[in-house]
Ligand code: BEZ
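Shown below, as structure tokens, is a lone chain in the form predicted on its own; questions about how it binds or moves come after it.
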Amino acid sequence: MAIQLGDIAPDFEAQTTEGPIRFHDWIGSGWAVLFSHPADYTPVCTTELGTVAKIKSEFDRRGVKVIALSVDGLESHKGWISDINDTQKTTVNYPIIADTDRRVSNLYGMIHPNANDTLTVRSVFVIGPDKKVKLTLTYPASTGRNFDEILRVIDSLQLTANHQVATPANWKDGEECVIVPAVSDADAKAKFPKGWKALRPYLRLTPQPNK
């Protein structure tokens, strides 16, 4: 069964390039991103792993741990990391799970039997401090992931988890937010002292409350 938003992210034990982990313990009390790959030495995934290494400080700044998964083993991972570091001009600075038996991939429903390649596992899961899945994305093998978008969504998730707002289309950190309909105008006066503009009674825009 596919994992739904709000489900508890399945816990597991696994070997990684940085040693053995139990997933929930590894996440700790913060946020995490798990992103998966069909196999080592694949071209698009090589660019993705390199990109994440280059922007890992952006995840760190948001209190988010990142971990990758591939269905190959640790020795293969080590060789691939060498290629990633060389071709992408970076240093892989986060763990990669070895999932040779596809146990984690199956646990998370990352095997896509209707794809051309039955081992296509190119999913992204954003997991909150409560260990619940906050976002899932699945990409085709031909399209590299947009990690700027993943960071944007994390900004939105962290903002909306702490304030009674939602973020509109194409929102970026620092822009106006939408006051959720559950907040009355009377309550909004106290919660949003910067005020708001009401385009409709249900559509109230306010400056981002944590800025």
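A quick note: this is a predicted structure, and the numbers were derived from the prediction, not measured. Start at 1 and count along the sequence shown; that's the residue number.
As for the form predicted in complex with the named molecule, it is not shown, yet the points below apply to it.
Although the partner is absent from the chain shown here, 38, 44 and 141 each have a heavy atom within 4.5 Å of the named molecule in the predicted bound form.
Looking at residue 77, you'd find every heavy atom of it more than 4.5 angstroms from the named molecule in the predicted bound form. None of 66 to 74, 44 to 52, 145 to 153, 182 to 190 except one has non-hydrogen atoms within 4.5 angstroms of the named molecule in the predicted bound form; the exception is 44 to 52. Looking at 194 to 211, no residue comes within 4.5 Å of the named molecule in the predicted bound form, counting any heavy atom.
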